[in-house]
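A single chain, nothing else alongside it, follows as structure tokens in the form predicted on its own.
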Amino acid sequence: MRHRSLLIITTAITAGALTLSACGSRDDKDDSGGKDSKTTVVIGVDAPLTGSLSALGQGIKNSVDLAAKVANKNNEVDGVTFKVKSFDDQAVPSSGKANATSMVDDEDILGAVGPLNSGVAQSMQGVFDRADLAQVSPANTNPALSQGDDWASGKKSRPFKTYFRTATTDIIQGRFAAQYYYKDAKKRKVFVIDDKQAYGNGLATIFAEEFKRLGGKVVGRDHLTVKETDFSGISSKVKSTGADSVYFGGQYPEGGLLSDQVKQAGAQVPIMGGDGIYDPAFIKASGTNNDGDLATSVGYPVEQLDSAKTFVKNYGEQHYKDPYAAYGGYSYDAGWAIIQAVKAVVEDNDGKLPDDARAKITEALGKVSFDGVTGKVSFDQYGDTTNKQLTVYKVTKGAWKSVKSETFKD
């Protein structure tokens, strides 16, 4: 999608194998009461844990927690115990920046997973980069985060070496959505709406450009404001233009209400959006039957992937209060990528963490490659995932159902 979360890392290795310096913490005794101890690597997760997007944030947090538990159970990194510490950004950029600053100031933190929202990520990237602290987002989709502000003109330049993501970008998602609307759904006249946020506006713009390139017509373009609830004016415009479809760049709280009000205005047309609306809360937010509404989301449906069966099983056994939601698999893979980077750094340094662990972990992340929950996990020269799988979902009998999945090719 779009948006999105974080990872903290504290460290230590067995007693005698590491003299603790600026980073890392160590228990004096192991569980048996002996003298040996392990390094503790804390994985900090920054996501909206409260507020309207908490359904996604809790799934992110829990999935990273599961990755840490699996790593500990399997003794994935010899001499290292992973723990998780969560930070609530409430989907607010200033809160995300404050959380990033807190992580940087903590000498034990060696890596970060998150955040959910692209706008929040923009406020964090510089803070992390100045401290060589790596972050891996499971959900950000704005292209500028990894390819620079001039990406659309073909001048791609990676602005922050510490930024990575396991979710594909809106360059891919927006075009994929436009191609489905035009080629599969046979839509020709679309009304495009966005929420004026980094994620929503960027996604809507890419969609509109691709839809027009294919031969479709954008009959109207408008914007709404996050946390507003009255979209009757926009809905009337949709009706008056004769649009046969709506595309919305934004999140599910506004998306569900928009779908409701467009139909109440008499425009019996589908609304399509990105991964920001792909959540059961989108359906719950609408008081009108919204069967036929559509959403794209990064990756294939986790429950349909052979590679995800163990994740789904293990997640269920933990009895978390909230489901893993849209970004669970990508959050697990983001956490596991940092765990693998820690492993590589420790193994390359005679079983201990170096003094410049943060910088070394950032470097190691660029070389990580493994079979994850969502498929092959690796990163290109911009820190973007090399996995370009996407899925279209449709609301059918009051629930999201996958209707098309494919690996996107330019």
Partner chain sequence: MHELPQTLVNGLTLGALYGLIAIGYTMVYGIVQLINFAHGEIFMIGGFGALTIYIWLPSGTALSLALPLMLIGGVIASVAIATAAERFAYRPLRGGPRLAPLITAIGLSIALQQAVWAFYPDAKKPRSFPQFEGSSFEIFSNLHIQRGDAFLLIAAPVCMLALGLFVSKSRAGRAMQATAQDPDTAKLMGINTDRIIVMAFAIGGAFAAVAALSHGLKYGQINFEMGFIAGLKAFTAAVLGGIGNIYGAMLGGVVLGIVEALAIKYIQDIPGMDQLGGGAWKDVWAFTLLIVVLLVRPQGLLGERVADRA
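Since this is a predicted model, take the numbers as computed values, not measurements. Numbering follows the first chain given and starts at 1.
Another form, the form predicted together with its partner chain, is not on view; read the next lines as being about it.
J.: Taking its partner chain as it sits in the predicted bound form, is V104 in contact with it (heavy atom to heavy atom, 4.5 Å or less)?
T.: Result no; V104 lies far from its partner chain in the predicted bound form.
J.: Heavy atoms within 4.5 Å of its partner chain in the predicted bound form: does S369 have any?
T.: No, S369 stays farther than 4.5 Å from its partner chain in the predicted bound form.
J.: Closest heavy atom of N349 to its partner chain in the predicted bound form, within 4.5 Å or not?
T.: Residue-level check for N349: no, no contact with its partner chain.
J.: With the partner left out of view, is Y163 within 4.5 angstroms of its partner chain in the predicted bound form by any non-hydrogen atom?
T.: No, Y163 is distant from the partner.
J.: Which of 68-76, 227-235, 298-306, 204-212 has heavy atoms within 4.5 Å of its partner chain in the predicted bound form?
T.: Within 4.5 Å of the partner lies stretch 227-235.
J.: May I ask whether G51, A55 and Q264 each come within 4.5 Å of its partner chain in the predicted bound form, counting any non-hydrogen atom?
T.: All of them do, each having a heavy atom within 4.5 Å of the partner.
J.: Considering non-hydrogen atoms and a 4.5 Å limit, which listed residue (K83, R158, K189, K284) is close to its partner chain in the predicted bound form?
T.: Looking at K83, R158, K189, K284 one by one, just K284 meets the 4.5 Å heavy-atom criterion.
J.: Let me know the one among F128, Y324, Y252, F176 whose heavy atoms come within 4.5 Å of its partner chain in the predicted bound form, would you?
T.: Comparing distances to its partner chain in the predicted bound form, the residue within 4.5 Å is Y252.
J.: Even though the chain is shown alone, can you say which residues of 112-143 have a heavy atom within 4.5 Å of its partner chain in the predicted bound form?
T.: Nothing in this stretch is in contact.
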